[in-house]
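Below sits a lone chain in structure tokens, taken as the form predicted on its own.
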Amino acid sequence: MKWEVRCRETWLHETNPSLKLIVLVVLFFAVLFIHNPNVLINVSLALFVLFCFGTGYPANVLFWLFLPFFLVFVSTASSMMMFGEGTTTWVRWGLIHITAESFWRGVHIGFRALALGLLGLIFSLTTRPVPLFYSLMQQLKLKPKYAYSFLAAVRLLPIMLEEFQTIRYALTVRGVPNKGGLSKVKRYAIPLLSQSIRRAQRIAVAMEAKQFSGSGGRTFYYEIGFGKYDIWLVALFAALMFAAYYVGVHYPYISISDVR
């Protein structure tokens, strides 16, 4: 069974994975400390544009990937709006109490969750597992035994999905009813768990046989370095944050500059 989705390679795919990870982690913490909703809205909009046009995936795939994060945006924003605290009451109906302060705090928290989700999507959609772990070993000096262990675990995920589909087809052919709570879980969980344990044991033995102990120097088949696209990456996100801050401060959408 195929789980592969076609995508167009963009310049974000050519950047150094470790540098991209560091830049996006810095942006992650920067978003956490932005308390001006105007700046945060600008950051979220810029990340959304980059998500749509910089990842290289078809529009229908991006829609389904973005939908859960949009639902998180709606749920977090509405929860803070309806149950937050404030002094300027807009709507009061039973337990629901919407104030001016809670409304803008809800908008702020919603866009913060959206921005964090977009950062994660941009990184995951433009980074391949193999170059990522090779870059972590070469640039960030991650021990090979941890890198190859994580890489092996990542490669097991599509295999487990195929095995789940195979078990499902086998049960259907044998006429096993697709109902029942705990019994249905046992029908799928026990075969998947046993196969995973066997495969993990074989991988561990293979890694020991190839001396993935982390001691001594190692050579790499893939050499991950830096290039012009890495300069573009740093310059793009620096310009993005500067533009979002400048426009949010000097041309605000709302008069509130701090929601704390």
Partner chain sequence: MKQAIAIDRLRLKFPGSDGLLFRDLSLSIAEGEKVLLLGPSGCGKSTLLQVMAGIIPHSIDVPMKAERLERPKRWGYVFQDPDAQFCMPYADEEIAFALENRSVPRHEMPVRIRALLDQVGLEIAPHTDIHTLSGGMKQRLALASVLALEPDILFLDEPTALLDEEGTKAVWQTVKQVGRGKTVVIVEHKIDHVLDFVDRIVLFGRDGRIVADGEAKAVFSDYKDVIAAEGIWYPGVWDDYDRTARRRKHHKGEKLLRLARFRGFRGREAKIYVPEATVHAGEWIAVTGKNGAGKSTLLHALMQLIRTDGEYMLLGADIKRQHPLYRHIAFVFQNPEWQFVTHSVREELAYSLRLEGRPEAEIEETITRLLREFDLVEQQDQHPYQLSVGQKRRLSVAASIVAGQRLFLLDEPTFGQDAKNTFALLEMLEAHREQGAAIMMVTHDEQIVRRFATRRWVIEDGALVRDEQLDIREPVLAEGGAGR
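Positions refer to the first chain, counted from 1. Rigid core: the largest C-alpha set superposing within 1.5 Å between the two forms. What you are looking at is a predicted structure, and each value in this text was computed from that prediction instead of being measured.
Omitted from view is the form predicted together with its partner chain, to which the following refers.
A residue is said to contact a partner when one of its heavy atoms sits within 4.5 Å of a partner heavy atom; Val205 meets this definition for its partner chain in the predicted bound form. Though the partner is left out of this view, Lys228 does not reach within 4.5 Å of its partner chain in the predicted bound form, counting heavy atoms only. Not displayed here, its partner chain is kept clear of Lys141 by more than 4.5 Å at the level of heavy atoms in the predicted bound form.
Though the partner is left out of this view, Ala209 does reach within 4.5 Å of its partner chain in the predicted bound form, counting heavy atoms only. Taken together, Glu9, Leu12 and Phe53 are entirely out of contact with its partner chain in the predicted bound form: none brings a heavy atom within 4.5 Å. In the predicted bound form, its partner chain lies within 4.5 angstroms of at least one heavy atom of each of the following residues of 184 to 201: Arg187, Ile190, Pro191, Ser194, Gln195, Arg198, Arg199, Gln201, in sequence order. With a cut-off of 2 Å and the rigid core superposed, Arg187 has a Cα displacement that reaches or exceeds the cut-off between this form and the one not shown.
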